[in-house]
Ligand code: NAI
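Okay, here we've got a single chain as C-alpha cells, the form predicted on its own, with questions on binding and movement later.
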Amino acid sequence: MTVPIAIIGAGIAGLSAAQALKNAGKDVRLFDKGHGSGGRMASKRSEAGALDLGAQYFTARDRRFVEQVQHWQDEGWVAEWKPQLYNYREGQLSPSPDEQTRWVGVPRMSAITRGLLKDVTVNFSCRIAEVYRGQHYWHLQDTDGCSHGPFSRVIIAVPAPQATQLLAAAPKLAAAAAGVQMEPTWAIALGFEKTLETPMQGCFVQGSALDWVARNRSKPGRDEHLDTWVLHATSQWSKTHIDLSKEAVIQALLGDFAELVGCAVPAPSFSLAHRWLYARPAGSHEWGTLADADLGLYACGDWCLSGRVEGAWLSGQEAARRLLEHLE
C-alpha cells in the first residue's frame, strides 16, 4: 500500500507542490478550509460579476516561473493585462512610466488554481486543527473532530500564523513560522451603473488610506455590466481599522477614492468589503521552504520567499523538491 502525502492549503503554494509531486507519480490529498481553491488568488462571485479581491495581478521574473506562466497562457488560464496605470501622490495624478509585464487569470484570478486542481483530490470546507504523528504515519485532525490519515508526509501551505500551530510537532519550524509577521488588507469593490469618466485603469496610491485602485473590467476576459473597481487599503490603515464594520470601511475608502479619481463619483449601485487578515508577509525571507525531512514535515508559502504569487509558486516547488529528494 502506498501511503499518500497530505497538503494543507489549496492556494498557489499548495497546488504548486501538489502538481510537482503528482508529476513525480506521488499520491497527494489536499485539504482546504475554504469552499474553493485559490487562497488570496480567489475571486468572489457577486451580483456585479466575479471580482478579484485578493491578488490583483502577478509578475514573473524567475526563469522557472516564466516557463510556468507560458504554460498557463497556452492553457488559456492567464493573459497579459496592460492597464493605463497612474500614480497618485501629494494630491496629484500622473501617468505611471512602469513597463512591467503583468499577468491575470482569465476570466478571473481563480482560473489558475482551478486549472491546477485537475486530477487532484481535495477536501474543501475542512479546517485542519492539528497535525500529529502516530506510530509510523501522520494524521490530521479537523475542527469537527474527524481524523484523516494515514499520511507518509505533510506539507503545510497556509499563512505563517496558521502554519505555526500546525507545525507543533517540529518546534524549530514552528518557531521560524511564528517569527513571520503577516499584514492585513481591507479590500472593497464598488460598482457604478454609469462608467466613471477617467482613463485610469490601475493606480498606485501614496499618502492616503488607499494603496491600490483597479478597474476590474479593464482586465482581459471580464464581462461586466457595471463599471466595477477594486480598492485595497494600506496595511497600516487596515491594521488600525481591523475591527471596523464593513459598511464603515466602504464609506471611508469610497471617500478617498472619490478624492483621487479625478472625476465625479456618484453613489455606487453595488459595494462589498473583504478583510484579508494575512494579506502579505511584512518582510521577505530566503527559506524557500521550511523542512524537517526526517520527520517528513514541510511548510511553504509566499512568506517563505518574496510575498508575491511567484514566491508562493516557487516555495511549493521547493517543498516538493526537498520531499522527493529525501525519498531517493
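Keep in mind the model is a prediction, meaning the values are calculated, not measured. The first residue of the sequence shown is number 1, and the count goes up from there.
Just so it is clear, the following notes concern the form predicted together with this ligand, a form of the same protein that is not shown.
Would you say all of 85, 100 and 185 touch this ligand in the predicted complex, counting a heavy atom within 4.5 Å as a touch? Yes: 85, 100 and 185 each sit within 4.5 Å of this ligand in the predicted complex.
Should residue 291 be counted as a contact of this ligand in the predicted complex, where contact means heavy atoms within 4.5 Å? Residue 291 lies outside the contact set for this ligand.
is_contact(residue 59, this ligand) in the predicted complex, heavy atom dist at most 4.5 Å: Taking the distances in the predicted complex, the answer for residue 59 is yes, it comes within 4.5 Å of this ligand.
Taking this ligand as it sits in the predicted complex, is residue 261 near enough to touch it, meaning that at least one heavy atom pair lies within 4.5 angstroms? Residue-level check for residue 261: no, no contact with this ligand.
Classify residue 28 as contacting or not contacting this ligand in the predicted complex by the rule of any non-hydrogen atom within 4.5 angstroms, answering yes or no. No, no contact at 4.5 Å.
Among 108, 153, 232, 215, which has at least one heavy atom within 4.5 Å of this ligand in the predicted complex? If I apply the 4.5 Å criterion carefully, the residue I get is 232.
In the predicted complex, which of the listed residues (265, 50, 279, 69) lies with a heavy atom within 4.5 Å of this ligand? Selected residue: 279.
Interface stretch in the predicted complex with this ligand - options 91-99, 242-250, 144-152, 168-176, non-hydrogen atom within 4.5 Å: Among the listed stretches, the partner-contacting one is 91-99.
Using a 4.5 Å cut-off on heavy atoms, what residues in 124-144 are near this ligand in the predicted complex? If the 4.5 Å heavy-atom criterion is applied to this ligand in the predicted complex, 124-144 yields nothing.
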